[in-house]
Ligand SMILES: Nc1nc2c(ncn2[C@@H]2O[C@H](COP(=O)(O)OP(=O)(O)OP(=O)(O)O)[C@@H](O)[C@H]2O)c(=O)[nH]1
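Starting off, we have a lone chain in the form predicted alone, written out as structure tokens.
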């Protein structure tokens, strides 16, 4: 199983970094996307979906970057087509980094998605947007402490005014190229869940690509997430793999 960006309808240049842009609705994510890419963007649908896909490009420090605007979503638990698209691309598309746009005025609500993305990939940058609105409401966001607590770069921005975008570009490039090594905060599960996920992870690991987050997939399979199973199955050719996944999830379901 060797995925390429073509599987997701993308055709980046050979030397172009691919960055995913995620976020809850109403966080200013589209404004961030437009501010970074300007007029160098186009739209289409995700393969096999009626969900709109927007992509745009920009150059920063002589590096070509393709920014993929994922559908606005509150989680990656895939209860809707939008969530499935966002989850599948972050999990299976292998973007060089993922930017999660948050609203500085309601960070608590937005951090749920941030933690979910960090479960899948360590290459995360948090864009703390709408800082002007937070200031107007007399809300102070300690971005440095937030970065330390999350273990990933958190960049304050006011995208509609272009404030903080250069620092955001720096953070994206440094995470994508490995200059900045992140240490994401992990979600803590009950011991019995952790044990079950670890055992199932060991069963499925030999049959999946090394770059997939096996532990995260094991957690989704334990939840009986049929959509992630379908997403994986559609890209597997070996029926024995399907048998192992089916057997493992059925066993833990009991």
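Positions refer to the first chain, counted from 1. None of these values were measured; they are calculated from a predicted model.
Here the subject shifts to the form predicted in complex with this ligand, a form of this protein not shown in this document.
Trainee: Every residue in 24, 30 and 45 with a non-hydrogen atom within 4.5 Å of this ligand in the model of the complex?
Mentor: Looking in the model of the complex, the three residues 24, 30 and 45 all sit within 4.5 Å of this ligand (heavy atoms).
Trainee: Select, from the options 141-149, 171-179, 91-99, 124-132, the stretch whose residues sit within 4.5 angstroms of this ligand in the model of the complex by heavy atom distance.
Mentor: Every other range fails; the passing one is 124-132.
Trainee: May I ask you to state whether residue 158 is within 4.5 Å of this ligand in the model of the complex, using heavy atom distances?
Mentor: Answer yes; at least one heavy atom of residue 158 falls within 4.5 Å of this ligand in the model of the complex.
Trainee: Would you classify residue 50 as touching this ligand in the model of the complex, given a 4.5 Å non-hydrogen atom cut-off?
Mentor: Judged by the heavy-atom cut-off of 4.5 Å, residue 50 is in contact with this ligand in the model of the complex.
Trainee: Although the partner isn't part of this model, could you tell me whether residue 153 comes within 4.5 Å of this ligand in the model of the complex, counting any heavy atom of the residue?
Mentor: Although this ligand is absent here, residue 153 would stay clear of it in the model of the complex, with no heavy atoms inside 4.5 Å.
Trainee: Just to confirm, residue 72 within 4.5 Å of this ligand in the model of the complex by heavy atoms?
Mentor: Output for residue 72 is yes: heavy atoms within 4.5 Å of this ligand.
Trainee: In the model of the complex, do the Cα atoms of residue 43 and residue 64 sit closer or farther apart than here, given a shift of 3 Å or more?
Mentor: Farther, not closer.
Trainee: Taking the cut-off of 3 Å or more as given, in which direction does the distance between the C-alpha atoms of residue 43 and residue 31 change in the model of the complex, closer or farther?
Mentor: Note: Cα gap between residue 43 and residue 31 shrinks in the model of the complex.
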